[in-house]
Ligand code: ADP
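First comes one chain, alone, set out as structure tokens in the form predicted alone.
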């Protein structure tokens, strides 16, 4: 009996040791897998680093590229397109005007009534709709017939509220959020599509004429009287409310900027037809590139698989269309190299399935158990992940968004440097008092207005770059619907003979 007990005890000990060994091995394996994903995160953090020194190099590079783009066509990655806008609204405009805004993921229609007093600006109607994905790869006729049909429906709803006689032709500003080489304030040819659009036969076509043709086919008595980039519309709206506004930036699906430049600095345009001494320049800064940009393997993969590879590199690092997909690619790699997310989800393999608004929701999740992170991961086919994995996802969102916001701040500071509003004088001889003038930059777009962490990181980085002494004179003014309303205001201001003050 005693011998049996000894054997039983020994067997139990062997089993216990075996179980313990298996558990230890599993624990070691889990730790190795966890260390692997932590290593991937660490590599991401290092690749996305934007220390102050690097940001200031970016500022210098942007200012240099801006200057090069003003000297000659094709002299810079920045197109620095002339807009023929030298007359910004000041509040004295009168009349009823319409605007149709085609953006990257939506289109918007508005009607604005002006009485000649800034305080009485009345936006009478606004309609915003998502762009059907089928239009992104359609034909120009299909796209513009759709817009014309939508505008017809918008006008038919207004009844007697438009303050227009039935015999008065309606005037429309077409806000177009894509690169266009303008030939006048009311005409311009498409350079290329961005933001996922790919309608090949439209390259080189006059955008205003395409819309006008569609309106004519429907028998609509509407005149496309202005073709306006969305950043220029935002600048117009900002200047209407605050004459110190000298630049505008859009952070939405994509990103772009414009600013007021002295006409004598626009060397590639020998005889600019302005009486003000200034002209609005559309930078098309999404195409900016520098070896100093903190590019990761995920940026390289995204670019290679995009419709416009080797193009729009800056936009792909800061635009709302792309941030979600960068985060997705990081999570996918972690899933492929570890099982911390469970089996690899087929949904995660789908490009752009994770939208930036979901990244924002996860990043700013303040629930006790990070339920929002868990919900969005479940939508991606990743369920029942532990708390530490949810925190890992939040950190990925933070790293990607912080890099984007800090690069965006460098872009804004580059504009300020070019026009001598960054405290350095921009190479111009100015007194300290002149250099420290109040400067307003209008900002529009859901990425800035709806994503709190992006906004805070960008504002923080701009103060860091400029220094507190200069930053206190720079105002970042967020707007909503500014691009659309501003385009209508710009159309109204073009009917009066005025000039804008020099930069």
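Everything quoted here is computed from the prediction, not taken from an experiment. Residue numbers count along the first chain shown, from 1.
Omitted here: the form predicted in complex with the ligand. The next part is about that form.
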The one option of 458, 442, 447, 58 with any heavy atom within 4.5 Å of the ligand in the predicted bound form is 447
Checking 357, 306, 424, 149 against the ligand in the predicted bound form, the residue with a non-hydrogen atom inside 4.5 angstroms turns out to be 357
| query | Can residue 352 be called a contact residue for the ligand in the predicted bound form at 4.5 Å between heavy atoms? | reply | no
Notebook entry, point to check: Even though the ligand is not shown here, does residue 110 get within 4.5 Å of it in the predicted bound form, heavy atoms only?
Noted result: no
Verify the contact flag for residue 106: yes if a non-hydrogen atom of it lies within 4.5 Å of a non-hydrogen atom of the ligand in the predicted bound form, no if not. yes
I'd like to check something about residue 321: if you look in the predicted bound form, is any of its heavy atoms closer than or equal to 4.5 Å to a heavy atom of the ligand? yes
Within 4.5 Å of the ligand in the predicted bound form, heavy atom basis, the matching stretch of 367-375, 92-100, 250-258, 412-420 is 250-258
